[in-house]
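Single chain ahead, written as structure tokens, the form predicted on its own.
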Amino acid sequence: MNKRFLFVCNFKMNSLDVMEYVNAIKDDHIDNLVLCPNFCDIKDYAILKRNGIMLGAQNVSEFSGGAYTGEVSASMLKESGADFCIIGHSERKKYMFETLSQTNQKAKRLLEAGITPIICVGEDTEKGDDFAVRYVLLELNEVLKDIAISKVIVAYEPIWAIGTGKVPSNSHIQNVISAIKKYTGVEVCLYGGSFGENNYKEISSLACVDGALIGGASLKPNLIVKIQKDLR
């Protein structure tokens, strides 16, 4: 594997004992793995930074601080050791009714705190390459307003593929991510959506794909480490 393939593991609303990753990694040094546990566990996972592991959060407030009960600010995440943060995930849009404008504000707060935003985009129905390209570019046109493009990561996650076992064709992934890079100037793009043991070799071989946003497989540390080693 010639390029550095970035693994971003989203634990979602699950808790996994950090020792499971400690035991899987052992004394290995891994500099392309971002673990995104729940808010309560982030500080526990900071122990893995000694192995080169980077930490991420699954969300952030659009506000810098103040009377916003239940919110977590970007500065708090920074103090907890977060290097990255996932924003605009389809589940937040669906269940929490988050808007593209809110995602834009969250990206700005993260950049102010020195945290790299991982911005999720993706179409909700399977209607082919042209539809997908138009959909994600319209999303990004709103989300990337007044943002330093070179400092963000985009994760293309077709919603219809998340947790379903359905994976777009390689040509679909290639066409959509290539369009994102061409028309927005974003340099680093990940693929997400049922990425795992059965397809990681094919997807990682695509020249335009710089990494993966991983959901369910994140809770299997031995599998993540195995895939990471295989793609070195």
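Numbering starts at 1 and runs along the sequence shown. A quick note: this is a predicted structure, and the numbers were derived from the prediction, not measured.
This protein has a second form, the form predicted together with a small molecule, left out of what is shown; the following refers to that one.
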{"query": "Candidate stretches 77-85, 94-102, 136-144, 156-164, one within 4.5 Å of the small molecule in the predicted complex by heavy atom", "finding": "156-164"}
{"query": "Residue contact check: K220 to the small molecule in the predicted complex, 4.5 Å heavy atom", "finding": "no"}
{"query": "Contact label in the predicted complex: L213 to the small molecule, heavy atom within 4.5 Å", "finding": "yes"}
{"query": "Interface membership of F195, the small molecule in the predicted complex, 4.5 Å heavy atom rule", "finding": "yes"}
